[in-house]
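Okay, so here's just one chain, in structure tokens, the form predicted on its own.
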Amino acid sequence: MMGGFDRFAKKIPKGRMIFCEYEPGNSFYLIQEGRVQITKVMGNIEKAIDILHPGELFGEMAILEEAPRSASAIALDDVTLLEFNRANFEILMKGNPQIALTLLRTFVKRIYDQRRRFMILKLNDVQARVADVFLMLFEGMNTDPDQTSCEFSVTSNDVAHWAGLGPDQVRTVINQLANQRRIEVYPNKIVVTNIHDLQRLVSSRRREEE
């Protein structure tokens, strides 16, 4: 346990819900021990979208905006957390600059992710929206920008969530892109055959809509 922060410690038994999607929240957490699973309802199915480990933060958007939780958090193990809110946030910032820097980087990334998602949602062309989701995922891969073929461990339902479209609508678009040989669809992944082709498609549609 980090010295000076023991009073913020919170122990959660294995299997316990830490917070639930859509409920109000004003705290964020730093994992000290154990793992936390992040889940989100997509369609009618609750899907695991991430597993977090000691040293990682979650729930931090509660400090940036007054909005309901965007996902649920569940203790995969017996978990020890440090719980922070707006009231004691300043204590954290002053008491541990390393955590403050980590938190600042996380905030910046979250803000970028929100802006990038908004760029997708601004597109009216449905096919361009779906294509832009793959571009967003590619940008987050930190791979060679000259790479052509890219593999994404996503399903059509995942794409529908990011694109802000209905699952049936996205499946139709994905079938269209597959028929055009722009993508290859597998049970648990989608392969974009030429990411630069999708970049040209999205750029063209975005210019037409401006």
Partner chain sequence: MPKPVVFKSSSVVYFQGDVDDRIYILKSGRIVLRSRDIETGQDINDLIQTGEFFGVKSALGHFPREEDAVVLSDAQVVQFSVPEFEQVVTANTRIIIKMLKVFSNQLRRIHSKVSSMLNQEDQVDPAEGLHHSATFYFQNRQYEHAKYIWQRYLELYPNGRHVNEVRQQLERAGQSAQAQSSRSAAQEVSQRRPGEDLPEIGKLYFEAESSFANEKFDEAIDLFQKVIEHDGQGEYKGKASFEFGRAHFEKGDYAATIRHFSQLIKDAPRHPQMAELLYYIGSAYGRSGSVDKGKAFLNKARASASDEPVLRRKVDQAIARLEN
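Note that the structure is predicted; figures quoted are calculated from it, not measured. Basically, rigid core = biggest C-alpha set you can superpose within 1.5 Å across the two forms. Numbering follows the first chain given and starts at 1.
One more form of this protein should be noted, the form predicted in complex with its partner chain, which is absent from this view; the next part is about it.
* Asked: Is R35 close to its partner chain in the model of the complex, meaning a heavy atom pair under 4.5 Å apart or at it?
  -> Yes, R35 is a contact residue.
* Asked: Would S27 show up as a contact with its partner chain in the model of the complex if we use heavy atoms at 4.5 Å?
  -> S27: no contact with its partner chain in the model of the complex.
* Asked: Might A87 be said to contact its partner chain in the model of the complex, defining contact as any heavy atom within 4.5 Å?
  -> So A87 does not count as contacting its partner chain.
* To do: Determine whether any heavy atom of S149 comes within 4.5 Å of a heavy atom of its partner chain in the model of the complex, and answer yes or no.
  => Residue-level check for S149: no, no contact with its partner chain.
* **Sequence-ordered list of residues in 100-124 near its partner chain in the model of the complex, where near means a heavy atom within 4.5 Å** => Contacts from 100-124: A100, L101, L103, L104, R105, F107, V108, K109, R110, I111, Y112, Q114, R115, R117, F118, M119, L121, K122.
* After superposition on the rigid core, does the Cα atom of R16 shift by at least 2 Å between the shown form and the other one? -> Yes, the C-alpha position differs by at least 2 Å between the shown form and the other one.
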